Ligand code: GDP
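Listed next as structure tokens is one chain, alone, in the form predicted alone.
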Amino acid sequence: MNRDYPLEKVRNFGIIAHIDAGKTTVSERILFYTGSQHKIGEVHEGETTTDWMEQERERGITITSAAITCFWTRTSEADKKDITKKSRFNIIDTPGHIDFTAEVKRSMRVLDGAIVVFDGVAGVEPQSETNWRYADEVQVPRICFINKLDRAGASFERSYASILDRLSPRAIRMQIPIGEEAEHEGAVDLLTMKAFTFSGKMGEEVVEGEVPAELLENAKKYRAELIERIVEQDDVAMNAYLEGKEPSLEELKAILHKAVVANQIFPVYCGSALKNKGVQLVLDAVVDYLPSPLELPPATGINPKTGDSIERHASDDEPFCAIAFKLQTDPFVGALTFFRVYSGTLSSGSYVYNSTTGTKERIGRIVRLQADKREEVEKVFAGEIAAAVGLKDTKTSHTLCDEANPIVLEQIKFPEPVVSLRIEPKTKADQEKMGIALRKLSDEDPTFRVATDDETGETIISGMGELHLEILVERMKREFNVVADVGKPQVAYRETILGSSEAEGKYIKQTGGRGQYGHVKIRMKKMEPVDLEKKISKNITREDHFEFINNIKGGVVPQEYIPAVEKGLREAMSRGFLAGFPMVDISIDLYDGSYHDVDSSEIAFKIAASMAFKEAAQKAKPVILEPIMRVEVIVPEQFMGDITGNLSGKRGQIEGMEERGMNKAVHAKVPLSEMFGYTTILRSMTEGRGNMTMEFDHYDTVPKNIADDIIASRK
């Protein structure tokens, strides 16, 4: 079986936005215009293709990212007649709600480009900023689409200014709208100086015409800005332009394409997806300006055998290499593992090597998805996104490759969960089902954690926010038929130290026969922020929040007991010191100890290490840390004073205010413990007119009086 589309015709891109910017509506229009479906599903009617979970349709929000394959030919008449001009799109529609930020983060890792959708009334919103930051981290080229220009209060210029101000000065208008609010009809393309309007029942006919007279002057002014910005990217074009020669349309597009791929320019388009205006022109821009897999830097990873850095280029002839970026439990086929192929090919029925775990797995079937419908394929090629059925041990961010040419790609890093709650099954029959359900859900979602409280034996689940956990508990009920009682949301506190200390732990037990003997001396200090990618010496093991340095000289603690010492320290760290919360950012230096020829054992050294840890933690100024959230509240102006006063009373720090359409936006940093149930308070304070978004920002030390209350409540 051969590749059905050449690599240069493939575009892997995502659609990202703040909640309610109209992202799923844009996706539905794309599916309709590319012929993937013959009816447009509407979010407000609960009939969308990409939001296929029941909860998504009920709530009108996207929860999981959906992967869809479809095909597009540019709107120009000449291209439509030429079959070789068809492009293949692999699209991922990601969630906008901050609680599902992991979905955006993992999708970013496998995308080659993105369409960033903005609400034409609100402009840049908090989640737009977070998503933009994620895209910056992995250098994903972007096209901006200012949507909803048909709404009352919409303003292209104001939204465009917010992109320049809050996201990037490298954004540039490619279009200006023809009319706004109820008058919105289409857009003027500044490169070609043509006006585009949309007719037909679903806006499927793109009508090209002359620029309306009242827009001509502005269009000329903005076109000059655009041309200057493009020629700046190319010395030859720049020199010609300064001599009064404007490059041809083809040359301008070629230069712009390179600049977009290099993240030097972010083109801005406009329209209204709901009113079927402007989406086709954005799809043309995807073909013209976003990169194919061939234009991206090669995937880099580590050879697990030698530790050397190696590369894989986007080619079917290179050894197979892919990253698993998402797991999904499918009611019909079982576990689906979504993967992005960076190099080589993979056939169904073959074996694949998981270099992250060092195990081999058989690929049962390979499917391409159209959201919740699937098409089986025999083989996938470099640059494609597909899902495998039946992989047992592969988790999110594991590398799949050819066993003879192993490579481990960099893992996707996810934020830590900040909210926890206790959960217990209603009946004995639910107990076993709940264990299976929680395991499957935590495999799917790396920001969802399951743990057991050692003292009470209760199950504790943790996630990114109240909505996140609410949806997971609901999914457990619907998809796995598990009925459970759920406790109140709790803050996921952490503990750390501010000072440094030394301590020793000695465990000696003499009983009849063989005794126990373990003895260690340690130094404890706060772990410095480190670059985890850097090579570290053999005697140091390091993770995100823990560093263990083995400084034993002359075998005073034999090598075989060192892992037991490290295990004892880790276990003590996970139990915490002050109030039983896990400790973070601790560096331990094991520098001395002693052993007994007969009585020493692994368990004795483990206990000795744990004793030393407790003593050292007590002396090193232990403190409790709490999650601080970045909060944005949007309210009509008359409620501003009440809202800022209320937030300050919640130990919040007000960081700024700004105009947001007809309303005011307040930015603040507030401890999570003060924010439970805040949505309800906000509604009652603002006659139901206020709304808020909240996302994790950082951990900070809890004030002493509050820490004392937390410790007392845990005793």
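Start at 1 with the first residue shown and count on from there. None of these values were measured; they are calculated from a predicted model. C-alpha atoms forming the largest set that superposes within 1.5 Å between two forms make up the rigid core.
Separately, the form predicted together with this ligand exists; it is not shown, and the next lines address it.
Listed stretches are 681-689, 23-31, 665-673, 648-656; the contact stretch with this ligand in the predicted bound form is 23-31, by a heavy atom cutoff of 4.5 Å.
The contact residue chosen from Asn131, Ser107, Asn147, Gln175 relative to this ligand in the predicted bound form is Asn147, the criterion being a non-hydrogen atom within 4.5 angstroms. Contact with this ligand in the predicted bound form, judged by any heavy atom within 4.5 Å, is made by just one of Thr496, Ser272, Ser87, Thr394: Ser272. Contact annotation: Met694 falls outside 4.5 Å of this ligand in the predicted bound form, judged by heavy atom distances.
Remark: Arg151 counts among the residues lining this ligand in the predicted bound form, judged by a heavy atom distance of 4.5 Å or less. Although the partner is absent here, Arg11 lies well away from this ligand in the predicted bound form, with no heavy atom inside 4.5 Å.
Not displayed here, this ligand is kept clear of Ala707 by more than 4.5 Å at the level of heavy atoms in the predicted bound form. For Glu571, a C-alpha deviation below 2 angstroms is recorded between this form and the one not shown after rigid-core alignment. Once both forms are overlaid on the rigid core, the distance between the two CA positions of Asp599 between this form and the one not shown is under 2 angstroms. Once the rigid core is overlaid between this form and the one not shown, Glu181 counts among the residues whose Cα shifts by 2 Å or more.
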